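Below sits a lone chain in structure tokens, taken as the form predicted on its own.
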Amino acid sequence: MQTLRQTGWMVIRQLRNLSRQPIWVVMMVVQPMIWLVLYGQLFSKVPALSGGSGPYVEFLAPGIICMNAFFGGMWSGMGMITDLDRKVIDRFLAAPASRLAIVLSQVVRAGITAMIQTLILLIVGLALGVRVHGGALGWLVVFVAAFLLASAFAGFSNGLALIFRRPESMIATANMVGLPLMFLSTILVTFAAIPGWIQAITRINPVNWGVVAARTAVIAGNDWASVAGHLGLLLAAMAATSLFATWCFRSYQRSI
């Protein structure tokens, strides 16, 4: 219970830091919005991309939401590096703060940020003609998928931040990992339009797990068993990367 309470306070601290950088908040929302508006219109006349499942913007919206959550999680480690550079983490270590709470706050903050961005993108999507055919449950699934996807990659990112401890290394790694995983998923195109060898990788790509769960909840003919299965995989990925970040944090402790 104490760990949860301390995690909550740490998350509030993270969100306050984020609110002091309004340009960063704006860019995190504007960039995916540009993708949604421009790509949704640019490829609206290419039904093969969505597999004929409905308007392309409706097919695209869950993908853009998950892409946004994924990249937000991948860049989450930059906050950890900032705290390391400013000796904030060292001061926390000298205080009676839960070590697990220090790590989990970064993970949970990434998930909460992703959900806020998801709400904005869904509202924009509605204005563009997107319908969430899964109803209230469909909305909930999209939020949960965004939270789990961002949190899973935030754990991975923060673990790497504790290993590298340099922003240059984090930026290079985020780009090296992020772009391939994006294009090895169904964010922009339907699974049937992907070459066979990429399909094999796509099935085990955590980014695609979030896309499948969110998209299945949005488009007509919802398969809730598939949604539950993919959300379960994301939850397992979040637990695994959080453990990885915790292990990296303990390694950092031993090095100082």
Partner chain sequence: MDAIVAEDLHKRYKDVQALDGVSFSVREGEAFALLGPNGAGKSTTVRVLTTLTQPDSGRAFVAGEDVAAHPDLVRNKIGYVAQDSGVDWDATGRENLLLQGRIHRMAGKPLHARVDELLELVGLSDAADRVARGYSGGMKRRLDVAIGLVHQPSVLFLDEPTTGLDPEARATMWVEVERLAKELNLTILLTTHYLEEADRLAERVAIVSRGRIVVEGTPEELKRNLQGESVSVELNEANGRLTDAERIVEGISGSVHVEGNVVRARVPNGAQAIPVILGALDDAGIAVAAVTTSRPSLDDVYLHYTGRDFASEDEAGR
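The model shown is predicted, which means the values in this text are computed figures rather than measured ones. Residue numbers count along the first chain shown, from 1.
Keep in mind the form predicted in complex with the partner chain is missing from the figure; the text below concerns it.
Picking from 85 to 93, 179 to 187, 111 to 119, 132 to 140 the stretch near the partner chain in the predicted complex, with a 4.5 Å limit on heavy atoms, gives 85 to 93. Residue contact with the partner chain in the predicted complex: residue 234 places no heavy atom within 4.5 Å of it. Proximity of residue 99 to the partner chain in the predicted complex falls within the 4.5 Å heavy atom cutoff. By the criterion of a heavy atom within 4.5 Å, residue 248 is excluded from the residues contacting the partner chain in the predicted complex. Contacts between 223 to 256 and the partner chain, taken as any heavy atom within 4.5 Å in the predicted complex, involve 253, 254, 255, 256.
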